[in-house]
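First comes one chain, alone, set out as structure tokens in the form predicted alone.
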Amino acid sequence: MNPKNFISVSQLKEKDFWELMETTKSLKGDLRAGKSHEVLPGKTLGMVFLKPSLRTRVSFEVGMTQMGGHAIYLGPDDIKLGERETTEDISLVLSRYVDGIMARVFEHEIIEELAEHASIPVVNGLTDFLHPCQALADFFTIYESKRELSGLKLAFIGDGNNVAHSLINAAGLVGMDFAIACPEGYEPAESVVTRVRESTEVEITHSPEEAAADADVIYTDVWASMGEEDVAGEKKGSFEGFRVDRDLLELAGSESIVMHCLPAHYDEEIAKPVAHGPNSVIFEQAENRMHTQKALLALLMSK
């Protein structure tokens, strides 16, 4: 894989993407078969968290252990990134201690600055603008279920947020059609959409029914992302009617799959019977976070 860092799916060439998918398949298969795959012996991942996490922390930490390495958790109070010490200095110091950095932060500029000054690989664990590791897991999950990606239609019901941006980037990379249904004023960033429209179809609508029609994948996320607690009430009112329920699922068809990056707010953006129903691959998504991230780290940190 060519990129030194992984900040955005848009950095990848199609061959990089498929190398990641094949490596994921191999590592997941080894784990299921009980085969050792200590491909990062003695390697250490520094994990910088400015936001709390379940899936990101556990999947990266367990993944490093399974590959024979080690992960160090650095929480908001441990380093006070940008307050007690500059982002540049933290990047330079960590580069002397560990073999890779994963950061889950707020402002996207922070991850870019970490990558600019680090001499080791930097992985974007989440920013307010992008969530590329989630998109890798999602597309691997879709591929496991559908055995193809090109020509499928993914319908995203909800906010044009960081998850939506990374899914759009991934859709453009593999030739998957993308439709997003959101209330007016909550559309994804024009810069992301414009770039991807060169390689695939991106439809923006304010009708969940229109987006879901004939979709192979129905995807949703919380209406208010972490850090948006002050506008959660306002968003709840704006997004009323943008719920993935059985009626919406029927528009897509019986073979469609339902996805959510979790945590879920049941009976807001998704009905619990749908999230836990036969069409759901939500918990496969959660598991695949670990497998795809292991592949990413193996390819970046074994160089």
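All of these numbers come straight from a predicted model, not from anything done at the bench. Each residue number is its position in the shown sequence, starting from 1.
Separately, the form predicted together with a small molecule exists; it is not shown, and the next lines address it.
Contact segment among 61-69, 236-244, 35-43, 257-265, judged by heavy atoms lying within 4.5 Å of the small molecule in the predicted complex: Looking at the partner contacts, the answer comes out as 257-265.
How about residue 134: is it within 4.5 Å of the small molecule in the predicted complex, going by heavy atoms? Yes, residue 134 sits close enough to the small molecule in the predicted complex that at least one of its heavy atoms falls within 4.5 Å.
May I ask you to state whether residue 153 is within 4.5 Å of the small molecule in the predicted complex, using heavy atom distances? No, residue 153 is distant from the partner.
Is residue 52 close enough to the small molecule in the predicted complex to count, meaning some heavy atom within 4.5 Å? Output for residue 52 is yes: heavy atoms within 4.5 Å of the small molecule.
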